[in-house]
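A single chain comes next, written as structure tokens; it is the form predicted alone.
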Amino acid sequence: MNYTTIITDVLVVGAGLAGERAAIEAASHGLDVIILSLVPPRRSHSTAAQGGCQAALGNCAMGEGDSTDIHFNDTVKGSDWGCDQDVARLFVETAPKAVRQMALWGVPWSRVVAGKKVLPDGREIEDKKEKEGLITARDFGGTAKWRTCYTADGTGHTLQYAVDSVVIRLGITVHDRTEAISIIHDGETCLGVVARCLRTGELRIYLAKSTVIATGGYGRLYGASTNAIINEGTGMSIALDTGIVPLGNMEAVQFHPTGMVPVWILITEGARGDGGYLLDKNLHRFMPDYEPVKKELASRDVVSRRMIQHIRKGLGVDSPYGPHLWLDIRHLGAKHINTNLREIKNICMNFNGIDPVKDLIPVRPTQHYSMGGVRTNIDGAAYGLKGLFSVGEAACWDLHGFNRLGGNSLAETIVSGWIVGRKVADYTRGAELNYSYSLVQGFARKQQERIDKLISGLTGRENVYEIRREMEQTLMDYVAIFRNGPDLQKAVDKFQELHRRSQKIGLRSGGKWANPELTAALRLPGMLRLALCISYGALTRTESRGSHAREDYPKRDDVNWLKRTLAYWKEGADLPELRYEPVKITELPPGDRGYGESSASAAGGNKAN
């Protein structure tokens, strides 16, 4: 059988902000670009980002004196010295330009309004008349200055629509309801992907001089996540399946402090940045007890741990869904909530039947972001295969290290998309697409054989949904905010068992076309390999750093672990092969973060308590 083959200069897999911004840059350099997406671009998970994106503009009163140097320091400290500092420097220098470019493209940034105002903590500030009308900012966790630019609490939505409008204006081709299920390569160079049409089940071959993985995170591996249901790590898993391309820092999983119970939809950090409080069952504001300086606005990993610690003390609010805490924004007033947090109000009312103007919001830390991903260099080029690039949450660029500051990921999408898109264009103009017909068709036939075996029932009778539920629960139970050796070993053992079982899935439904059970069965083995990269990497890393909190190794260990995990998967393996590379320290040597428990231990190793 010969498969439909589509040839282009640049193939972008994923139509969120990072993918579309990279596509725009490549197309602007005169290249032919095709974008593949599971959903129409304006339904990408990027639209769910609420609070804003960081850029050192210094326009608002509480942002005066901000600079790219301060943003750099905040980012490195936030990462717990796990990021590459050359990437962090490039990012912070580009972010202000990217934010202003978005204004040019139509993003209606919230603006400075001159005059005096009183903050919820009683401080009086005054925005200057000469700054009126410039892009303003709000407070976010882990920052020394207010620099999170926003459009009320729908920042991702407005950015995605603006960027997608440019995609349309440039005439960039988008094939939605299409899923890349395998990378095509010759062992040295990426040639494109095998993709499956989710409408018809048809397999197609896409060949390109450059391929960009921009498929977002893997949040839906976890049973409770703020991520959209499409965020299953598919781009990461097909890169891992090459056996050549590594994933970086997969054990670095961020939990957002305020996922709304019981639906786990994100309640933006902007709610706390605007002055919201966290309360326990006694309506006591507890964060100042743990973090007297940063309070609710320490970095996300710290706030999440403090919340779980407080719940463990028996101070959580009992509910049918487990204990939770309260987020209180009532004191901000109806005008502020209905203007700057209106999406939060709609979410609370539509999904929980509560009005945050007068009601408390039930919240609990919830899986939110993957710092790990396809390991790339500073140009966004993936390790291992020429012609393969990655951007956004699917990538380990590595801007975030072991903890991402709120507002840095939305900024990363438009910054890395811009920078990497230009590098893709430079590479593509000098590249040739040389491929063997039999090699390319062989990749497609291999995927067709997988599909045929699943449909025929020849692989076995395991239930894909049962295995998936066990995977989700195991991650929640053993690879969550607090980790320890015995639990991580249980997770690794369980995932190895589930991975073996996933090779014997049998479908309960018939048909190869728009069949969600078949789609789930094709994805699940790769998701389990990601789960093993996360859990095995966490088991092996015997320290605590950022979001990776080992109760049996509670201190950061810079002597032994100031390095990045690289996970490779060889064909037929039941565990990833872990290698390590040093973190790039170019400006700011390891030290104390200035919030959370003191974690600096550069002078020596770390022993378990």
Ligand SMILES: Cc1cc2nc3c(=O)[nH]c(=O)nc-3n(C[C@H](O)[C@H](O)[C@H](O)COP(=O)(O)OP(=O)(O)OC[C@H]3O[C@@H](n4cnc5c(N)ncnc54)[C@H](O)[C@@H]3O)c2cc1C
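Residue indices: 1-based, along the sequence shown. Keep in mind the model is a prediction, meaning the values are calculated, not measured.
In what follows, reference is made to the form predicted together with this ligand, a form of this protein that is not presented.
Colleague: Kindly confirm or deny that G16, T234 and L266 each have some heavy atom within 4.5 angstroms of this ligand in the predicted bound form.
Modeller: Spot residues vs this ligand: full contact, yes.
Colleague: Please pick out the stretch from 313-321, 387-395, 483-491, 79-87 that is in contact with this ligand in the predicted bound form, where contact means heavy atoms within 4.5 Å.
Modeller: After filtering at 4.5 Å, what remains is 387-395.
Colleague: May I ask you to state whether S304 is within 4.5 Å of this ligand in the predicted bound form, using heavy atom distances?
Modeller: Judged by the heavy-atom cut-off of 4.5 Å, S304 is well away from this ligand in the predicted bound form.
Colleague: Please tell me whether any heavy atom belonging to H45 falls inside 4.5 Å of a heavy atom of this ligand, as the geometry stands in the predicted bound form.
Modeller: Judged by the heavy-atom cut-off of 4.5 Å, H45 is in contact with this ligand in the predicted bound form.
Colleague: Do R529 and this ligand come within 4.5 Å of each other in the predicted bound form, heavy atoms counted?
Modeller: Heavy-atom contact with this ligand at 4.5 Å: absent for R529.
Colleague: Applying a 4.5 Å heavy atom distance criterion, does Y369 contact this ligand in the predicted bound form?
Modeller: Yes, contact at 4.5 Å.
Colleague: Just to be sure I understand the contacts: of L410, I467, V112, A98, which is the one whose heavy atoms reach within 4.5 angstroms of this ligand in the predicted bound form?
Modeller: Looking at the other structure, the residue within range turns out to be L410.
Colleague: Which residue, G380, G417, G192, G216, is the contact with this ligand in the predicted bound form, using a 4.5 Å heavy atom cutoff?
Modeller: Exactly one listed residue reaches within 4.5 Å, namely G216.
Colleague: What are the residues of 38-58, in order along the chain, with a heavy atom within 4.5 Å of this ligand in the predicted bound form?
Modeller: Going through 38-58 in order - heavy atoms within 4.5 Å of this ligand in the predicted bound form - the hits are L38, V39, S44, H45, S46, A48, A49, Q50, G51, G52.
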